[in-house]
Each structure stands twice: as C-alpha cells, then as structure tokens.
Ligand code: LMR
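Below you will find one chain, with nothing else, as structure tokens; this is the form predicted on its own, and questions on how it binds or moves follow later.
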C-alpha cells in the first residue's frame, strides 16, 4: 500500500470515528486547533524564519487557541509529497515554491519562473501585492487550496565547478532545477541539460557529480552548504524564487471567523517580516559564501548581463502557450517591463 493510500484510509477512518463519537465526548473543553506547517528548507532561511514568526504571532493573537507546529527541512514531507498531503488534510499549511503550481495544473504561476521578467523587488511587489497576484491565488481554490500570501526568497545565482561568465559557459552542463517546464525551457535555451530534483537531494548530487551545477538564491546555497561543493558562482539575478503560503481550503473555511481573522493578522505581519529580511539575508549570505573561500564569486558586468538577457528572453515567447500570453502581458503591464528594448 502506498504512503498516500494509507494516509487516505487513516483520514477517512478518523472522520468516521469522529462522526460516530457521542456528543458528550465532543463536548469536552476544546483543545487547541493544531496547524502543521511543513516546509522543505532550513529553519534559518527567510522562509524558515517567516514560518517561525507566523507560529509566534498566530499563538499570540489567538491567545493559545491555535497551536502551530513547524516542520522544516523536509522532516515531514518532501517536495513531491507535500501538496498532496495538504489536499488530503494531513498537513494544514505549506509555503511551496511558485514552481510547484505548474505540475498541479495552475500553469499561470510559472510566469514567475520566466528569466529576467523582474528586475527588482519593487517591480516584483507590484505583482505579488497587487491585483495580478490575487487573481493568481484565486486560481488555486478549485483544487482545494487557499493562497494566503506571497513570501520572497530572492533572486537566483548560477553555480558550477567551472566559471560562468557567458550563456555559452552553461552549454552541456547538467543543472538542477525545480520542477517547472519554464525552467526546463530556460536551460535548453542556453543548451544546458535540466535535471529536476528534490531540494533535499541537491547537495549529494553536486558532491557526487550527478549534476554539474544549479541555480538558487544565496540563502539556500549557504544554508544547504552548496558552496562547499561548487567552485564557481555567478550573481546573475536571472530568475526569482518565491513562495506562496497555502492552506487546505476546507480547513481554513471551517475555522471560527474570529480565529481566521486573527490568523490573517498574523500572516500579514509574518509576510512583512519574511519579505523584509529576504534581501538582507541574501546579501549577508553572499558575504558568507565569499568569506568561506570555497567558491569564487563573479558579478556580471552590464555587458555580460545584457548578453544573458538577450539569450534567455526568447523563453518568454516560447512559454506563451503554456503560461498564457495574457498572464505574461499582465506582468509586463504591472511592472513596466518592455521586451522590445533588448
């Protein structure tokens, strides 16, 4: 029996037991509402700290009526398991990468994976804090998922064991990516070989040479010690990694209105906190990687950056049929991005 077949039986059995329980049993003083918050990165990353901040604020604002249990570093569910677990009600809250929603069938979220579509946090937040971002969150509800907030991680660097100064330097390299058709196309556009892999497996894959390199934010590189097994890193800022904090819609809608309001307040404040520290911590991690002496860091010049943009911009057009031309256009309009100037 598969893990999730067993999980389904357990949940169904639990629901039947609850339905058949005597009213006197259910009338016992209410236990705290437990929210299991699972995520796949380290506790000391922006997402990890955001989850801990939400726990602190949620328990404070509900006066203990809610208890939040945070499970970092894939200790509860791995990348490929967590969304199904949420839909089944085995976990109540996640903060998956935006790339996760394409495989779920909401391909519009893969617009965030398009290379160089955001050139700053200011441009990004015009989307995530505006009507376009909310319209995307609404698309999750038919799948039993409610989107609560967008959390930043940051902009991505590229790493390998050889220098990366031009798009041609990526040719033929096996590069780990998150599960995303847009990211696959991005790598193919520069003749690299995309390798989809769970985040928890990346260090060993790089250490053993299963893959040659990867792309990620500085906070994830450093906390997962990727810099220890990569000789070169280029600060390309070619893509963005962010998260959507999601919850099981049935669970959320079933909460008392007052509790839901208190949790909304906690989430708003935790979001401000997580986004505030994301850039700051990525900058700090860049200095930590540099100080380690294990990885040589290259900052792209204006000319080198222009070459990467020119090489990767065709991905936008190629992905229109998948992500939706209207979705891409809405991002352009919100941010002021003009592909014709490149």
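Residue numbers count along the first chain shown, from 1. It should be emphasised that the depicted structure is a prediction, and the values quoted were computed from it without experimental measurement.
The discussion below concerns the form predicted in complex with this ligand, not included here.
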| query | finding |
| --- | --- |
| Contact assignment for this ligand in the predicted bound form, among 128, 236, 97, 230, heavy atom within 4.5 Å | 97 |
| Proximity to this ligand in the predicted bound form, single hit among 278, 315, 58, 41 (heavy atom within 4.5 Å) | 41 |
| Candidate stretches 158-166, 259-267, 172-180, 110-118, one within 4.5 Å of this ligand in the predicted bound form by heavy atom | 172-180 |
| 4.5 Å heavy atom contact, residue 199 to this ligand in the predicted bound form | yes |
| Contact flag, residue 151 vs this ligand in the predicted bound form, heavy atom cut 4.5 Å | no |
| Close approach of residue 145 to this ligand in the predicted bound form, 4.5 Å, heavy atom | no |
| 4.5 Å heavy atom contact, residue 243 and this ligand in the predicted bound form | yes |
| Within 213-240, the residues that have a heavy atom no more than 4.5 Å from this ligand in the predicted bound form | 216, 220 |
